[in-house]
Ligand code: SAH
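Okay, so here's just one chain, in structure tokens, the form predicted alone.
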Amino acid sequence: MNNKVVVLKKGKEDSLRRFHPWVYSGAIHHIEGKPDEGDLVDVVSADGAFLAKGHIQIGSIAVRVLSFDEKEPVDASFWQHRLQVALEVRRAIGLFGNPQTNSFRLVHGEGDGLPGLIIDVYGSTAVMQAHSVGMHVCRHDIAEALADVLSGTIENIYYKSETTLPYKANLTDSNGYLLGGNADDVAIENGLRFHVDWMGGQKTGFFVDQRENRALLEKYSLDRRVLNMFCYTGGFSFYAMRGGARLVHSVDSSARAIDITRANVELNFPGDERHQAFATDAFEFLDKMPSCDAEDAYDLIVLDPPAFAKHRDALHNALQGYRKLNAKALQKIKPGGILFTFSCSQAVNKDQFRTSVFTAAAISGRKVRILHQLHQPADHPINIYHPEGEYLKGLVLYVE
């Protein structure tokens, strides 16, 4: 047994016996062996029975579990095996080796048995992101295993964790190439090409979790006037254009994101005058939009805002934000319009989000039907023992 041990309070072992991958700080009785943040520790019950092993960290989630098997070492073979299993899942769902889609999530934290780790693949580049100190400490071992598992497929591994690591850890050296460096920033999704800004962009550079929802929007876009709010780098916009939209307007508060949106549209539809992009505040743009009965009103609107609640303390304000945002869009959308609306806040569950949108519909006074209920794609799997992993919620609404 590891000499660095987390001993739980009596009766606090039940969640681990149900294979939940987190140990909360409030469940801990005491810690033996003086582990540093990010160290591998064993977790035992009050009577000393082994329960799990994982990375220890300061905060409410004190241990993120890597294994429930006392005999399984966390070494080079461990990383290689977990990554190989994750790759086989992507192969099974038709994402690995698909020439029409070379961008996907390879590792989705708890969903792939690697809590605190995200790996997205964009063509020949893998972007690795740590959300725990333990994964940061192990980044070179993980990169070595990743290069082996994806040998012949990737040439670059970029590590990007400056904004995701706990600030209390006071870590440095968080961004940079662990392999390669001469990377082409153009990736492919469902046959469309896009630039990926993994160095300066949000998350790992693109939101691969909306791939299937973008494809659905394409089917609704024919001859519609489309507004893509919080467009980031324009994913929904260029799908709408391929779907035959009459015009597409992309809005984001980030001028850099708007520049990349324009470049992405030009990459797929050079010289196409149907698209315009605006770097401005979303709520201000919605306020200035034409009324629903105006000839130039939008009849397809996408609301894909950043997370309004990154923790439960912000839940109330987040729900108010979703209600306000959706009410404005529902008031302004043309009769017969389609609204794609999303929440990526893990602290907001799907029932709470749906209630916020329901309230917004009531405020708008419009008749509204739910056409689709959307969620994250299969390369963002949810560990059945960790329902908190279900973070992306979406609705497609028909508005009379």
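One rule holds for the numbers: they count along the sequence shown, beginning at 1. If you're wondering where the values come from, they're calculated on a predicted model, not measured in any experiment.
One more form of this protein exists, namely the form predicted in complex with the named molecule; it is left out here, but the text below deals with it.
- Shown alone, this chain has one stretch from 298-306, 97-105, 118-126, 192-200 that lies within 4.5 Å of the named molecule in the predicted bound form by heavy atoms: 298-306.
- Under a 4.5 angstroms non-hydrogen atom cutoff, the named molecule in the predicted bound form has Asp281 among its neighbouring residues.
- Looking at Asp252, you'd find a heavy atom of it within 4.5 angstroms of the named molecule in the predicted bound form.
- Proximity of Arg214 to the named molecule in the predicted bound form falls within the 4.5 Å heavy atom cutoff.
- The shortest heavy atom separation between Tyr220 and the named molecule in the predicted bound form exceeds 4.5 Å.
- A heavy atom within 4.5 Å of the named molecule in the predicted bound form is found for one listed residue only; from Leu330, Cys231, Ala245, Leu146, this is Cys231.
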